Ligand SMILES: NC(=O)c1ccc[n+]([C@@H]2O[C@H](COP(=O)([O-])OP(=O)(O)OC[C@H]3O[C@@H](n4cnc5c(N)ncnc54)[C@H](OP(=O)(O)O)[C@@H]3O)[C@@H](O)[C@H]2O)c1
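Take a look at this one chain, the form predicted alone, written out in structure tokens.
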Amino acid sequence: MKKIQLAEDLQFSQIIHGHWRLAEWNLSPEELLSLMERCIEAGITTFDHADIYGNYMCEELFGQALKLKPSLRDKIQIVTKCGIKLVSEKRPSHTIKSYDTSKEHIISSAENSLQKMNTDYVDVLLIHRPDPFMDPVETAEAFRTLRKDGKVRHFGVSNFSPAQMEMLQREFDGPLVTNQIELSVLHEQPFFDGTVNHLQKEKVKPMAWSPLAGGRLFKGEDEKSQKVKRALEKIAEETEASSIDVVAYAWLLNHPAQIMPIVGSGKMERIQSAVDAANITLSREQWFYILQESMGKDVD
């Protein structure tokens, strides 16, 4: 599988395995370890987490699997996120859903993630959502502390606008190596609102969450979903792709921004669809045909 260079000393697999729903997969540590090993065999070496996933449980489940085979750590890259505070019985001090990008919270969240995942470091730590109360100087200071202590190798953001990303980057002396954004054949706006253009300008590679639109691609009854589904079926026939999800992933993978889709499934056959998409080349007209159906009109 193609590797994406995010920094001089950091590469991700272009397909990333996302563990947002890990707690719902009902896998034993042994079964999760087996799934991770099958992902690695398929070329997927990057795994995406967040402290809040699974009501603060997914990192721990991942750590239980990794503990069974610690040598696997050297073969993978771990991404996790912090900054969202959920109201949860696991966080009794949280009385309201809020964002916290203070130095204290970022450092304590990162250290807690390390403990839960049974690792000494994470490869990339992301701020999960833009914080309207962010002090970028303090956030950058947290980044520097975690980097100096060897607990986090690199940093990035998630769901940030170009202006929000530039604000934080101005205060941090290292690169923000990625912006994890919602992007799919049913959510094409980042190609037009400046988000993808900004990342290309800064040579930052985006991670794409919900690349299949949260299942709407298959189950959506609205007109847009139906039109895009028919377009994908047409392109699947033309390219001899095995399914429409293969084409949906290929639509992202073919873009010159070097987009990295996050596959959030616990089933290897679904993960394999994303791997297979790396072998599908779309013509420019095929790519624009899918875009046109998503927009509901010709490009201007």
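Numbers for residues come from their place in the sequence shown, where the first is 1. Because the structure is a prediction, the values reported are computed rather than measured.
Below, we refer to the form predicted in complex with the named molecule, which is not included among the displayed structures.
Note on contacts: among P136, G214, G220, P175, the single residue with a heavy atom within 4.5 Å of the named molecule in the predicted bound form is G214.
Checking R153, K85, R129, R144 against the named molecule in the predicted bound form, a heavy atom within 4.5 Å turns up for just one residue: R129. The closest non-hydrogen atom of D48 lies within 4.5 Å of the named molecule in the predicted bound form.
In the predicted bound form, the named molecule sits within 4.5 Å of a heavy atom of V263. In the predicted bound form, the named molecule lies within 4.5 Å of some heavy atom of W209. Residue contact check for K205: none of its heavy atoms lie within 4.5 Å of the named molecule in the predicted bound form. Stretch-level contact check against the named molecule in the predicted bound form with heavy atoms at 4.5 Å: of 230 to 238, 26 to 34, 245 to 253, 60 to 68, the positive one is 245 to 253.
Contacts between 1 to 32 and the named molecule, taken as any heavy atom within 4.5 Å in the predicted bound form, involve G18, H19, W20, R21, W25.
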